[in-house]
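Quick setup: one chain, the form predicted alone, written in structure tokens, and binding and motion questions come after.
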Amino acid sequence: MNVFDAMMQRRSYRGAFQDRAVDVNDLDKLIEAARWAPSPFNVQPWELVIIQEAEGKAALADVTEHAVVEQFKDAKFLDDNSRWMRLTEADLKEVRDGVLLTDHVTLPKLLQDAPEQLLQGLLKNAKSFTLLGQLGAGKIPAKEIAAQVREAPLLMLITMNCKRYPPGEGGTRWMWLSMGMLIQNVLLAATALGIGVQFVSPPLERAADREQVRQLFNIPTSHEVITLLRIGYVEEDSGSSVRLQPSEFVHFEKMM
């Protein structure tokens, strides 16, 4: 697969993975892809934690489950998320950004057949769901997401070694930029190998949860946990995606 095909075929994979471990040769290729990511002054400010044993997966699943339950109680979190949720494929294709609500949340049975107009109204007032969150509405999606973490063939924690700091006032900016390039290398290599990857954000949203993850995996205080990836061989097509048109984000010479 050439690099352009990998770019356009890459998707965040939210389905079930095949019930088999990631082949050691394929894992080596993912690591090599990460190793050759560019970084300012070649500082290479990254360290990866590969988690394949059940104990580590279970620990991350527990942090994830608790985090999701708490997120459903957080009005700001719900409101921020609702801005980018689309109810239908038609909505997604029309606005060309955001994500499909049902890809991220299993709606309660009460709402699964609700009129679209009602759901739109609920999304616009998503912070009102905090009451439901306080009553435990987050427990179902929390268990679903935690199970995905627990059952993943492989988890990859990507950390940034803040001691490997490039020169200049923009050093922190360039370190974050290089971490993004490493992650993209891993995503494209995985796509070429028929491996699915999903970002698991809940256990890293809050500082307290990041600290718990740091302690669980002996990550030094000099390192910042950047992201958690859930990785395995895909079971099914991960579907289509949408993007803005070039005319909506490309400017020649200067921004209008």
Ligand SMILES: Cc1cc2nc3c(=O)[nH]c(=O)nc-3n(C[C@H](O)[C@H](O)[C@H](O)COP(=O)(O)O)c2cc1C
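These figures come from a predicted structure and were not determined experimentally. Each residue number is its position in the shown sequence, starting from 1.
The form predicted in complex with this ligand is left out here; the points below concern that form.
**Student:** Given the stretches 194 to 202, 215 to 223, 54 to 62, 26 to 34, which is the single one in contact with this ligand in the model of the complex, using a heavy atom cutoff of 4.5 Å?
**Tutor:** The contacting stretch here is 194 to 202.
**Student:** Would you mind picking the one in Ile140, Val99, Met181, Ala75 that has a heavy atom within 4.5 Å of this ligand in the model of the complex?
**Tutor:** If I apply the 4.5 Å criterion carefully, the residue I get is Val99.
**Student:** Just checking whether Ser241 would be counted as a contact of this ligand in the model of the complex - the rule being heavy atoms within 4.5 angstroms.
**Tutor:** Flag for Ser241 set to yes.
**Student:** Given that this ligand is not shown alongside this chain, does His104 nevertheless sit within 4.5 Å of it in the model of the complex, heavy atom to heavy atom?
**Tutor:** Yes, His104 is a contact residue.
**Student:** Please tell me whether any heavy atom belonging to Gln18 falls inside 4.5 Å of a heavy atom of this ligand, as the geometry stands in the model of the complex.
**Tutor:** Gln18: no contact with this ligand in the model of the complex.
**Student:** For 8 to 41: residues with a non-hydrogen atom within 4.5 angstroms of this ligand in the model of the complex?
**Tutor:** Arg10, Arg11, Ser12, Arg14 sit within 4.5 Å of the partner.
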